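First, one chain by itself: the form predicted alone, in structure tokens.
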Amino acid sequence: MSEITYVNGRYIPTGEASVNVEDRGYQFSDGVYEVIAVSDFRLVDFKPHLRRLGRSLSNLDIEWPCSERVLKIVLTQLIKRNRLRNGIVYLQITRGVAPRNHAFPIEKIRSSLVVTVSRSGRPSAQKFTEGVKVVTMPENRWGRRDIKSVSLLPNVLAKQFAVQNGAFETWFVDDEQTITEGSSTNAWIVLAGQEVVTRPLGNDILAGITRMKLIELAKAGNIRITERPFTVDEAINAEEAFITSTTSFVMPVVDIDGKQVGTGKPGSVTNNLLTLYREHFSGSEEV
């Protein structure tokens, strides 16, 4: 079956989809995006994704291309037209089409909306059972990582660094030697006493929707959560470590820079959190 893509008001075969070469997303990465999971034809955590999208647009002074109600209709229609039972929808909003100039267009232009779908993206069951490796590299991104910008070249290079080193993910490390986040994930560790630690929200990390939901689930399950920076050494010497994202769920980390974490196997706290998140994911409503 040919996939269907939405481009600025039209549902068209993906192979025929195109955008204007003077779209500022293409020229300047002047846009934002969201990745939303689909489970049993339902959008998972749609409202939190929508709120984060709104914050990103507001921070870059980009207008919504349509109302939130219409956007939901677009996404649900795309799911139906692609018969997407499980997978992800990717939506990208850019400032729009204008003659190339670094400054915003003087005349008002309409922002652009493109939405695609994917049936893949989830890691294999083996990775959840065995855990994954991560490597670290110096933080080299701009200072507003809380904006989900389409400008992802440093993240791309970081993910490629992981691939070249036989790892699943790369963690960025700031000047204080604390871990900010992964190239496409949030970073976590588990300390003695089953204390779960993750970096607090701020301009230096993305407010992951899976991160947010996991904190809610953990607190409801009386699991202690501490939001503070942690160092590479602290992570290596932790009892457990894991990463979270829309596509990675709660992924155990058993090796950091070639050094074993804990027993070298997924720990009980990580597995418990993964179970809690999977229950939320499978029972999630789209509103």
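In case it trips you up, residue 1 is the first one in the sequence shown, and so on. Only a predicted model underlies this, so the values are computations on that prediction, with no experimental measurement involved.
Not on display, but discussed next: the form predicted in complex with a small molecule.
Visitor: Based on heavy atom distances of 4.5 Å or less, which listed stretch (106-114, 127-135, 75-83, 200-208) is in contact with the small molecule in the predicted complex?
Guide: Among the candidates, contact is made by 200-208.
Visitor: Contact check in the predicted complex: H49, R141 and S245 versus the small molecule, with a cutoff of 4.5 Å between any heavy atoms. Do all three pass?
Guide: Affirmative, all three are within 4.5 Å.
Visitor: Which of these residues, A218, L60, V35, C66, gets a heavy atom within 4.5 Å of the small molecule in the predicted complex?
Guide: Contact with the small molecule in the predicted complex is made by V35 alone.
Visitor: Taking the small molecule in the predicted complex as the reference, which of T178, N165, Q92, N155 has a non-hydrogen atom within 4.5 Å?
Guide: Contact check passes for N155.
Visitor: Within a 4.5 Å heavy atom cut-off, is T170 in contact with the small molecule in the predicted complex?
Guide: Looking in the predicted complex, residue contacts with the small molecule do not include T170, since no heavy atom lies within 4.5 Å.
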